[in-house]
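Form predicted alone, single chain, as structure tokens, below.
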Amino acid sequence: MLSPHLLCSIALIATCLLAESPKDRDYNQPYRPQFHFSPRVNWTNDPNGLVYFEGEYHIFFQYNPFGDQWGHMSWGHAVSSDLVHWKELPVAIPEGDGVMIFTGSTVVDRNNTSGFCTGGKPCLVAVYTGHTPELAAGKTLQTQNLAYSNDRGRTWTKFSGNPVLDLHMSDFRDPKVFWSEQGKHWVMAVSLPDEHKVRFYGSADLKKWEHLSDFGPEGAASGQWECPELFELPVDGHATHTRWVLKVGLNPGALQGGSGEQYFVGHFDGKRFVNDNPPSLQLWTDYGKDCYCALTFNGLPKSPSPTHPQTQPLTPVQTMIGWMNNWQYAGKLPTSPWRGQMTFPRKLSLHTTSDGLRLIQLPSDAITKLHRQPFTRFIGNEKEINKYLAGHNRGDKMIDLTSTITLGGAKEAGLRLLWGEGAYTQVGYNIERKELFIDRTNSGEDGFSADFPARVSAPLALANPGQLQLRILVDRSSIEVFAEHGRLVMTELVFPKQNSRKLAVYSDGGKLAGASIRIWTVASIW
């Protein structure tokens, strides 16, 4: 009789081969996202190890090769040459010897500091949390570990000296690693979830790590802190004037319930992060319910500053992808044969506002590669626009929309999306409360969890009083809202009815003065 471990290995190999098989590649189920990444089959959660290397963007992701529920965590893998069209590859780093492969990061070791690289060329090194569910003493164990690849990420070898960092703790996870020019060493930001801290380590070779400092608790300190991320951004487009952003996930206890993420803006000297704001200030990366464990790419190519192309040094366009889900209901989503998807890549910047420095997020410019129909623009009052939309509706569930809504005498106004068969989702603005909201209480299929149907809101002072600026991505089962040119972001899953395809503007408590809408249809990446 074959041992359970051998049976598991055989099943894993079969699953890996299946991921490359050209047959039965069905990416057209009713709720399957068409321009967001999702695995062909089975469960996924956090993105892992985002890295750009030799012309390819790599996204690894928490993956169960054996089913559509959380378990047997391994690193799934997909690559893209343009950040939008993804090719799923075999499992990169599988669960083994009872140790699951939890969230982590991947770096390009250009100078072979690790000693893993061969042939005088750079190699990829993954730093991940190893999760051992049950020890003899009955405790779980989380440690930091390495794996490396010398063939552009196609095959991986686990380091024989693992773990490289072990505090003998049950909750110690999610390392983000990058090279620090300030410190001239590798830096690891890793979470101490129950202490609401991010701990920083330094290393010359990725194998031996020295404790540098701790950050926290600050900001929101409920639930567990997870998925730390630290990156540098130019301020107002000036590459020589920068600040650092430290992002931290919370689960549970986020603003809208369940899981969500906050961020801090400050200084980092290669060893210590110092928050520029009062410790009590809470800043949220996403005010919806469905963006978690978002990570940025290591190794991105440098490009000119969009605001000062001739005078500023070249810098990467920092890009982030998150898991589009919430632990409140992640295992209950009505999708098959997959469960879980990613946000569309977002380009990040820091801008000075009346409240201080704030993170700005917008869809990556790569989405223009998917614009298939010339934009259509509608300008007029509510009645005129809706009459035009009713007569020219193409029934698309994949659109990239920009709008300017002049609120006029309305107390509340916005857009009704994925509307039909008595169901719709509303994205709107309440003037009295000065709040942007997404209301999915009547969005379609929502009975799988009492936590799913909800109206969530976020404070938003309009830059131009009386005018609401929106950019919205709609993709079959998701809505991503970028308000006021990316100053506030809300991400929500929705599961509309089959014929919920219409779009309209709406108002309550008075008439809106007018609106302009531009719509691009978005092609499938599959």
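Quick caveat: nothing in here was measured; it's all calculated off a predicted structure. In case it trips you up, residue 1 is the first one in the sequence shown, and so on.
Although not depicted, the form predicted together with a small molecule is the subject of the following passage.
This chain is drawn without the small molecule; in the predicted bound form, the residue among Leu407, Val177, Met73, Leu415 with a heavy atom within 4.5 Å of it is Met73. For the options Asn45, Ser478, Ser38, Asn64, the one in contact with the small molecule in the predicted bound form, meaning a heavy atom within 4.5 Å, is Asn45. Stretch-level contact check against the small molecule in the predicted bound form with heavy atoms at 4.5 Å: of 382-390, 202-210, 98-106, 418-426, the positive one is 98-106. In the predicted bound form, no heavy atom of Trp244 sits within 4.5 Å of the small molecule. Taking the partner from elsewhere, Arg173 is found to have a heavy atom lying within 4.5 Å of the small molecule in the predicted bound form.
Using a 4.5 Å cutoff between non-hydrogen atoms, Trp327 counts as a contact of the small molecule in the predicted bound form.
The shortest heavy atom separation between Glu218 and the small molecule in the predicted bound form exceeds 4.5 Å.
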